[in-house]
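For reference, the chain that follows is the form predicted alone, supplied as structure tokens.
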Amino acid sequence: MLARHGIRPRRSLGQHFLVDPNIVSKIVDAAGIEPGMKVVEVGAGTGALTAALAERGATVLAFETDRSLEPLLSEVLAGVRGVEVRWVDVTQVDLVEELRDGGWRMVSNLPYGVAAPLVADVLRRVPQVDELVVMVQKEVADRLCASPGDPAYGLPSLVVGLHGEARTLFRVPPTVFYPPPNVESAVVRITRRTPPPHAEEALRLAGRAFGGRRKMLRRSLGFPEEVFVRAGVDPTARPETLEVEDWLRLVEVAGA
């Protein structure tokens, strides 16, 4: 179909089209799609996942930036009901406004270049999305699902820890994409929960610390020793070892 429409995957957009119907079905099953559900998809691509979601009875709002895919996507989605395609970069869209009625799930094969920041932004700013089931690079999946002390633990892990719970559902080999990427992928489920008070302040504080990741907290944060003592946090620790509750206590004690 790509050849017939004269379309080549664009490396600049990180395009690796999902072509294995078994993986598509596995993603839809993992997302628990049932008739009447509302799904937002980022990176509709050639429409394989889009069509599968709609065929299960979901209402799908799909975003795609590459307008050259329009004739192919129109062909794939011909006769498929319940799909609206927006030809716009989702990072330039106010999803809070677009999804204002709430009760949405995000189910996507996310473009590699935007996966981690987009997931973080949705968790922090778009409470209308209750759950995300997204395919990302395995390295990104590891960061989203990491626990304190893991080598992959960082700010994305803390965002997830403050706003939800993440689990890697299954790994995906390069062979199910066209063209095959040079890395493995994984499908991750993130279930939202209400963030604790001062979640954003904790993220800002952690951002300062992770900016000097190799430094001890007393050097990267510059707090007096008594702040760490009152918060019950070791001032010689490094940021990747702290639990969510540690950051929240530091914020409360320091007034950061």
Ligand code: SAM
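All figures in this text were calculated on a predicted structure; none of them were measured in a lab. The first residue of the sequence shown is number 1, and the count goes up from there.
There is another form of the same protein, the form predicted in complex with this ligand; it is not shown, and what comes next is about it.
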(request) Give a yes or no on whether every one of 153, 207 and 240 sits within 4.5 angstroms of this ligand in the predicted bound form by heavy atom. (result) no
(request) Scan 76, 186, 114, 162 and let me know which has any heavy atom within 4.5 Å of this ligand in the predicted bound form. (result) 114
(message) Using a 4.5 Å heavy atom cut-off, which residue among 69, 31, 202, 60 comes into contact with this ligand in the predicted bound form?
(response) 69
(request) Consider residue 136 of the chain shown here, and say whether it contacts this ligand in the predicted bound form, taking contact as heavy atoms within 4.5 Å. (result) no
(message) Since only the chain is shown here, I'm wondering whether residue 65 would be in contact with this ligand in the predicted bound form (any heavy atom pair within 4.5 Å).
(response) yes
(request) Verify the contact flag for residue 244: yes if a non-hydrogen atom of it lies within 4.5 Å of a non-hydrogen atom of this ligand in the predicted bound form, no if not. (result) no
(message) Residue-level contact is defined here as any heavy atom of the residue lying within 4.5 Å of this ligand in the predicted bound form; does residue 39 satisfy this criterion?
(response) no
(request) Quick one: find which of 126-134, 81-89, 139-147, 166-174 has residues within 4.5 Å of this ligand in the predicted bound form by heavy atom distance. (result) 81-89
(message) Where, within 1-32, is there a heavy atom within 4.5 Å of this ligand in the predicted bound form? Residue list please.
(response) 13, 14, 15, 16, 17, 18
